[in-house]
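Before any questions on binding or motion, here is one chain by itself as structure tokens, the form predicted on its own.
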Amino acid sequence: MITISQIFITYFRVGALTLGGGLAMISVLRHELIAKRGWIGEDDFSHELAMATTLPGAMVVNFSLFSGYRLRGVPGAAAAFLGAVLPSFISIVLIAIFLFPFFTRPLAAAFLRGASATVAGLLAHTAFTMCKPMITRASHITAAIIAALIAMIPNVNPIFALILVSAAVYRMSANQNPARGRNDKP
């Protein structure tokens, strides 16, 4: 049985050892919850992530509440939430108290640039690992590439790429479903 302290420690460690916020934490959480511990399955992880990203608020907070609740109910949700949030809270307080005056120094600036590059790598890894099981047809691969290319155009909102490509894939999928009748709505 998964204990409340195991949930807290797992989320605390992920929160303490990842930089870049929620999206950067997803690949690490996926590794911890699915690959390393086997606490939840790939489908459950994807569904909880989808719910967490559609609800208002911080995605990792929402995800920790969903997965913690799945693991141990309300106490599990509280443990996952506190574990995910406390490292950031403690870090921000310590930075504000002790390190803020040092941010103008070249060594600190170099560290922050390196951290930014690391976050970009974590985001790319997250995108790859989350998309890999979902891309099952050539049309999905094409859509992913088109969306990435549109999102890279300067001054174009990535939401535009998401909506445009999602609508196109939906339309293609609706046309490929022979089981639906002519009068069925999509």
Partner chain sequence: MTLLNLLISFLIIGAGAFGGGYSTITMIEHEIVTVHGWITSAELSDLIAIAQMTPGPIGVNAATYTGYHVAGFGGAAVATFGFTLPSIIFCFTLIRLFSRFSSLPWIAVLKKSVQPAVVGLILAAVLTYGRASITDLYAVILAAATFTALSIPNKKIHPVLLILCGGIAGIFIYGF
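Small disclaimer: the values here were computed from a predicted structure and weren't measured. Numbering follows the first chain given and starts at 1. Just so we're on the same page, rigid core means the largest C-alpha set that superposes within 1.5 Å between forms.
Just so it is clear, the following notes concern the form predicted in complex with the partner chain, a form of the same protein that is not shown.
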With the partner left out of view, is Gly57 within 4.5 angstroms of the partner chain in the model of the complex by any non-hydrogen atom? yes
4.5 Å heavy atom contact, Ala84 to the partner chain in the model of the complex: yes
Proximity of Trp39 to the partner chain in the model of the complex, heavy atoms at 4.5 Å: no
Check whether Ile9 has any heavy atom within 4.5 Å of a heavy atom of the partner chain in the model of the complex, and answer yes or no. no
Does any residue in 47-62 get within 4.5 Å of the partner chain in the model of the complex, counting heavy atoms only, and if so which ones? His47, Leu49, Ala50, Met51, Thr53, Thr54, Leu55, Pro56, Gly57, Ala58, Val60, Val61, Asn62
Fitting the rigid core first, would the Cα of His125 be found 2 Å or more away between this form and the one not shown? yes
Using a rigid core alignment, state whether the CA of Leu17 is displaced by 2 Å or more between this form and the one not shown. no
Classify Ser116 as shifted (yes) or not shifted (no) between this form and the one not shown, where shifted means its C-alpha moves by 2 Å or more with the rigid core superposed. yes
Sense of the change in Cα distance from His47 to Leu162 in the model of the complex - at least 3 Å versus the shown form: closer
